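Quick heads-up: it's one chain on its own, the form predicted on its own, in structure tokens.
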């Protein structure tokens, strides 16, 4: 489902947020899934297995034509007819043709995302065929005339009462909403369909070139009935499902159910090899078995160096399971046919740029999807790339384009910020902006927005710079834009701590914004310009590390600059800069080895919010806890690493989602009994502090540097 305009899309999001059942269901599922997934992977080297799958999938993509030819030879030896369809229309026309040639009147289908991708049901029904989905979830949504809201659990958005109403309308009988009774009704209704079907259509999780077999992973017996009972079986799968050997398939099967539903293995793994003999009208006859390999843009995507890894996807749906946005609004607002992060990407390649135009921006950039991807796909990076392409194709709004031009010019950017410091006077109240013109404040009532500081950090730096200590470590300080001009107190606190520890600190004045905000908005040229400027700003500094108090800056510089500046002939400088980047908490614990006695612990109850780009982007987990326990009484909160909803400009574009994520986060932190909340990112600080100010709550929000400086031993 896609909306034609941003206004209608926002209305659709609001409808979802107002759906209490949807919110409760997806909330419960998300919490249970995370806990169960952790348990089910306990006996598996998850990262190693995923890396192996990624390498194997990449190798298969490099030889798909050879794998297809080998599969075709092996399968046709066993009586299978193998086809290749270039487009979705070609695949639909082929299935309709096979139905006509075999006098098919009724078709049953087992769950297949590829069949959904090509809208096969519509084509079959237009050809006069009766089509029945046999997967319970797929049958329910077919009866409701809607698409799946999840790749693995297509009807997760519906309550048992809604299902009972659908079944009552279908059977013309009142139905009990008891789940076991509803399943019995489905079984009774579908049995006759299985027995009388002429053609069965399935997907395939794997197509094994080694022996011409396909494999299907399901949790319901309908898959086996669909592929065995009808006299004609048609399996449709993307060409990307080809694997060289059974071993390659088994390796994926080891992670697929764990990632999809937190099961060690699915209930049914069906291996189908060759066309078998069957009884037809009392006579022995061979079953007609066709395998259709769909291209539909996949061959072109393989040639796309920046996005081809999307074809590693094993369709586990985990990217939706952990997505904080999906958790709030469901799959019908987070995809077209394919759902979640991978859905935002595949919509662009399989269903058109127009349909992807709004969807691609509804990603908060928390990287939770990348963290759990069974095939190691860098989903956030591909989404950012698609945003840039969509901006180049469709253009951007005037305000976004203007911001890109401003950030690309460091001198202009800093001059405008200094001017804004004076211009904000009429609307400033204490640390916050009292009100903004309506055009800038739509939907922003969920948080107070911070005012620009009276003095930027770069203005006060000369007076703060610690005296040089011979032989001590040399640290370069990267400020980013928020802490330089809005929260200079964070940096001041960090310098106080580093001076106490006897560290030499340098701050090059030619540095600017890291460029992540414009990267997230699809402003590629501005992102490149800011990245290049920052690399050059630190190039001449003889420092051991470059520390930043912004987790988003750290992750962006370390992991995105190399790709952004690939065409700038400065790879050595980019690598040197990225290698030196470190977050503030890790610098203190891992490099400077601070001791507990560095701080005065008065047992202040303190909670922590993990910035997304710290815990996932930088892989930092223990350092913040170590510091909080040294300087206070650390109170663990529920879902500490779930996004607070800031996401840079995301909170401006999608305030209804951002505000809901923020409310959930503050509720979890408040429940700990902490009086202070600490984080390691100015964006998260802005979100949490502004939200708590509007709530009128008593939680004090601080950056890690502020909290530690306040507890620094004399």
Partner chain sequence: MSAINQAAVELFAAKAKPVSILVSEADSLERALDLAVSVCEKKPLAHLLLPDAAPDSARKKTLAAPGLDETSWNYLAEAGAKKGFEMIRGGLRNYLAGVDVTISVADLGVADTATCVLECPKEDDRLATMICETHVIALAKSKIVANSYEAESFLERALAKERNYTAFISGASRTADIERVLTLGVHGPLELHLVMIEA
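Residue numbers count along the first chain shown, from 1. Just so it is clear, the structure is predicted and the values come from calculations on it, not from any experiment.
There is another form of this protein, the form predicted together with the partner chain, and it is not shown here; the text below is about that form.
Although the partner chain is omitted here, in the predicted bound form all of 153, 225 and 271 have a heavy atom within 4.5 Å of it.
Checking 575, 458, 254, 492 for any heavy atom within 4.5 Å of the partner chain in the predicted bound form turns up a single hit: 254.
For the options 246, 621, 168, 452, the residue carrying a heavy atom within 4.5 angstroms of the partner chain in the predicted bound form is 246.
For the partner chain in the predicted bound form, the listed stretch (647 to 655, 41 to 49, 667 to 675, 683 to 691) containing residues with heavy atoms inside 4.5 Å is 41 to 49. Within this chain, residue 229 lines the site of the partner chain in the predicted bound form, having a heavy atom no more than 4.5 Å away.
Although the partner is absent here, residue 600 is not a contact residue: none of its heavy atoms lies within 4.5 angstroms of the partner chain in the predicted bound form. Contact between residue 140 and the partner chain in the predicted bound form is found at the 4.5 Å heavy atom cutoff. Contact annotation for residue 443: none of its heavy atoms lies within 4.5 Å of the partner chain in the predicted bound form. Contacts of stretch 193 to 224 with the partner chain in the predicted bound form, defined by any heavy atom lying within 4.5 Å, are made by 194, 195, 210, 211, 213, 219, 220, 221, 222, 223, 224, listed in sequence order.
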